[in-house]
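Shown next as structure tokens: one chain only, the form predicted on its own.
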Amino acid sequence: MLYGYAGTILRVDLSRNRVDKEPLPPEMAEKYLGGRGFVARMLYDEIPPGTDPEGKDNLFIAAVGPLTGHFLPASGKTHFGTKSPATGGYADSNMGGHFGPALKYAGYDVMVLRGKAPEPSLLVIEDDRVEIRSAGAYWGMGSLTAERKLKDDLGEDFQVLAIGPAGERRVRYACISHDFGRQAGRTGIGMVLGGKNVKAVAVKGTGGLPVYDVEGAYAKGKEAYAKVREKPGFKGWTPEGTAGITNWTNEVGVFPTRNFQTSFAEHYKDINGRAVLERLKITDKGCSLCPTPCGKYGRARTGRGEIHVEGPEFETIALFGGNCVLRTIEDVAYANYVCDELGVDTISAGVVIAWAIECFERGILTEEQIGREIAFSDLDTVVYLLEKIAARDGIGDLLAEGVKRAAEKVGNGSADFAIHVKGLEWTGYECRNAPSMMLAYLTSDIGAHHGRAWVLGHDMAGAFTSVHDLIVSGGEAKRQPKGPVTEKCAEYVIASQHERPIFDALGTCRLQLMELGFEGHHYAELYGLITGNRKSWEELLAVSERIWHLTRAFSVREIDGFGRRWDHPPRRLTDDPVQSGPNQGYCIPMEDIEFLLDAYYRARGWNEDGIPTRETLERVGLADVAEDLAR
């Protein structure tokens, strides 16, 4: 028996209207744990090399981990994977909420969708029963509206994933929505689901999970909840959630503003966590089994009307409040709501819209092309472009391609200020005085994303080495005059790239460790008690390292010429100094970027072009992958 797991892979061939179930291989559970590990291995093994990410042969995978759904803090995570329509390489995205535990209670650790349904469809899973139904009544609805309608029709106990119009019309940064405000937002995962003609997946699970040591796991779970609540950052974190770091990011000068022209927004106190708390918040909102609800459900009144929304969290504040310069938390919340209903990633949308506004200011895009004047600090501009994007109408058809492709089509130097890595838009930390964090963005396997490594404290804050330290300190802004460009940067990044993503394999939220300081050895103990497979924290991190090399190898295999140049930043971040704020005048020149990449590749055991060597792949247990790359 596979303790801790449901024990089954669910396979759905949409083209053939066929459902199959197979046992979860014990060796895969041992070597890749779950979640992100299952996604990475199955994508590598089951997608034929050269598969069109927009075609029916691409896979859509949802996977949970061995700790998902068990009695321990924040064990409600689900991991999704595909070949990215945004980058052409490896792609995954993570979501909280309640879907993952429900899928596991229904009896499945992995759900694999292949092919394309002949008509708009809905996948309904209720324990052993799996049905493909018509989604004609829901097609065209917004994500939030569709979820509400599906719960009304199927029952409140069903947990629903849904796409909006953006996914239906194949926007490259379309997301999947769940629980009225949770998103798998990055890498275009919603576009892939839309390409398969799937509007939603609804699951209801009523089964139990086998646990190796029930009494021991229950006792350890109770201890974990108590210890989390005792952490110094617990009370500091919960009231404002992720929005609580808005002050600090501005005060140390890492808040992206006006399409990354600068890194400080003078209006930041009008869009910070305190503004969320005092002007929007109705209640806290958490994921399954979570003692630290970072979601804030609230109401915003604007000139465009009143809306209810979960958020905005920090990334949305940074990319709409800073990058698009929306000046009130109400305007940011409204943009957040529009994105949620349309099914658009707020991060990518904030980058793409800011790029378009700058193009308009420079005369690269004209009023005739756009359909109206557009400007920073204008909610009407943001909503107009979001609606155009989701409909792929007019200028929206260009912007729906993502900032990299849009800049390549528009030309005229616009690629210099198209802020992305590998085709994935940059998230909420400006890094021209933060070499370690810059390196983390450049080497992230899915493209520019902070979720793989957060090492900003090493660069900008001296005493802060994690978000946990920042929260415990009360957010007092401290910074060094210049983040040193040394080989230590690579060490920090690699350590974080193993530590943060391990939670994506285990199936839990990393907030308790990364933000609150809940120690990693507790997760190793819980894993052993639940599965009966004893691994130390260091041994779990070794699994995370294996997964990291595997995802890099996937992109090497799938993208012609993939290597060092795919890890380069846009020219704005190497050639244009920060215009204002605490880091005015700073940038990281290209020679420093190359030095950082050299140090990182050496430490990783990759060659000078960023390709994993045979020796490294064999060392981490990927000899078969080494053979593939050699061929």
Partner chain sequence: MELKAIHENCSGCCTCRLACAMENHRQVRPALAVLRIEGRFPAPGDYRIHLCDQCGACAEICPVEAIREDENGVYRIDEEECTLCMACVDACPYGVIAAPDPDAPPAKCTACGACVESCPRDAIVMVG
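Not measured: the values here are computed from a predicted model. Numbering follows the first chain given and starts at 1.
The same protein has a further form, the form predicted together with its partner chain, not shown here; the description that follows concerns it.
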Checklist entry - For the spot marked by 546, 606 and 613, is every residue within 4.5 Å of its partner chain in the predicted complex through some heavy atom? => result no
Checklist entry - Looking at the partner-bound form in the predicted complex, is residue 336 within 4.5 Å of its partner chain by any heavy atom? => result no
Checklist entry - Though only this chain appears here, would residue 494 touch its partner chain in the predicted complex if you measure heavy atom gaps against 4.5 Å? => result no
Checklist entry - Is the gap between residue 297 and its partner chain in the predicted complex 4.5 Å or less for some heavy atom pair? => result yes
Checklist entry - Hey, in the predicted complex, is residue 538 touching its partner chain, heavy atoms inside 4.5 Å? => result no
Checklist entry - Pick from 393, 156, 373, 131: which residue has any heavy atom within 4.5 angstroms of its partner chain in the predicted complex? => result 156
Checklist entry - Pick from 377, 238, 369, 533: which has a non-hydrogen atom within 4.5 Å of its partner chain in the predicted complex? => result 238
Checklist entry - Only one of 549-557, 395-403, 250-258, 201-209 gets a heavy atom within 4.5 Å of its partner chain in the predicted complex; which is it? => result 201-209
Checklist entry - So which residues in 203-231, when you check its partner chain in the predicted complex, have a heavy atom no farther than 4.5 Å from it? => result 206, 207, 208, 209, 211, 214, 215, 218, 222, 225, 229
